[in-house]
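Here we start with a single chain on its own, the form predicted alone, put down as structure tokens.
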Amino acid sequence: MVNPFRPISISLSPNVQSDDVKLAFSLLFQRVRPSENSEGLTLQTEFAKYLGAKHAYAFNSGRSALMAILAAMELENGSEVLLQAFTCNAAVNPIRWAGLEPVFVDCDQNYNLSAEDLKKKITEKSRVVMVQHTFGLPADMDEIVEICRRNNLILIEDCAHSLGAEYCGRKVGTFGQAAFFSFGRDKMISCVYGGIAVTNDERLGQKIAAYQEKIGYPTKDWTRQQLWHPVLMDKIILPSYSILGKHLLVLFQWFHVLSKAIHWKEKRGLAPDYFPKRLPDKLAVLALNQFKKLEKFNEHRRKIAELYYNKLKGGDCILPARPSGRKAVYLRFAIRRDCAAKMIKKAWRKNLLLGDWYRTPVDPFDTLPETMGYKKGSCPNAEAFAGKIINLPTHINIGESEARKILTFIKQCK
């Protein structure tokens, strides 16, 4: 029987299935000594094997993984890291926390870093290019790799959206000197908070390993917050979302039973005390359980994306391009429409919780731009897209019937 109070949602722990809920609940009551990290080591081994990488190191977030990579590179204070606008503050903050300077590059029509604008933004202080495969759509790696080679720049891949995506038959995350992935609550696989850093460079790998060893684990209370998330979301919050659940979510976060995806400090450029940390063993168990389902998840995402492509082509929505030689994974299916903000509000009133990544060049919208170093007008494409973007869900809990309800709404909404 369909629950009328449960929303069709793009986020709110979208990957969670019954086996994940049972596993999280059982882990809440298991005792694991902080020094025991066998599951974390297994995750690292399996992840490296999957990518064909020599080294993989698990952390409690993609932010922590990026912090480890930047620390291992030992860059001079004030060195420039070029990254695209149309991103999250979680990608920018670790750069500034490392004493480095973010330089924002505009994005192309597919929301990825513009190679043309990248060439214009390189200066004598530039040391790193960080390329983001936005929404699981691989960036133009041939040209970006060549630009980095010609200018002696280090390449880091931000694969938070793109685990399993491929460019010319090669998995993203294997093109640069290092890459990082996220296992956040709404990423390709999820353990609520988590991430991993990968590299094929032996010296870099040793330094990341030393950094990981030094920083230790988050508190037990923090880990418990994350374990409660899939349980409470699946059993209490989502089933009653439209009448009570959304208020319960706020209360659970207010009383620190559940965590928020982004701490208020991050919106001010400050670091919460739980970054950087290693990935707790219990969260590694959740990540491994999801990792086993990755190919099933990605095939499902492609199937739902294909439905969106077929039913929305020829309409008044701008759809993501499908360039040849790239295998996308569609974390979200992003469309553009002039009346995006109005449509999203209407959809929410109908219990269709569509997404708005990203409403500003550096999201969330209430992030203070001056703390990120973004200069208004420097990335016109990113600024224009931010006012027109609508994200459609593709995750495993969105079936064809739910996708068709969304399509009907889009076609009827003016």
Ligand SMILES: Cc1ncc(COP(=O)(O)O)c(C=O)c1O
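Start at 1 and count along the sequence shown; that's the residue number. In this text, all values refer to a predicted model and were calculated from it rather than measured experimentally.
FYI, the form predicted together with this ligand isn't displayed, but the following is about it.
Taking a 4.5 Å heavy atom cutoff to this ligand in the predicted bound form, the contact residue among Ala340, Ala90, Ile154, Val329 is Ala90.
With the partner omitted here, the residue from Leu279, Val198, Ala85, Ala160 that has a non-hydrogen atom within 4.5 angstroms of this ligand in the predicted bound form is Ala160. Gly194 belongs to the set of residues with a heavy atom inside 4.5 Å of this ligand in the predicted bound form. The closest non-hydrogen atom of Ser190 lies beyond 4.5 Å of this ligand in the predicted bound form. Under a 4.5 angstroms non-hydrogen atom cutoff, this ligand in the predicted bound form has Gln132 among its neighbouring residues.
In the predicted bound form, this ligand sits within 4.5 Å of a heavy atom belonging to Tyr358. Proximity to this ligand in the predicted bound form, taken as heavy atoms within 4.5 Å, picks out 61-69 from the listed stretches 61-69, 347-355, 369-377, 48-56. With contact defined as any non-hydrogen atom lying within 4.5 angstroms of this ligand in the predicted bound form, the stretch 309-343 contains no contacting residue.
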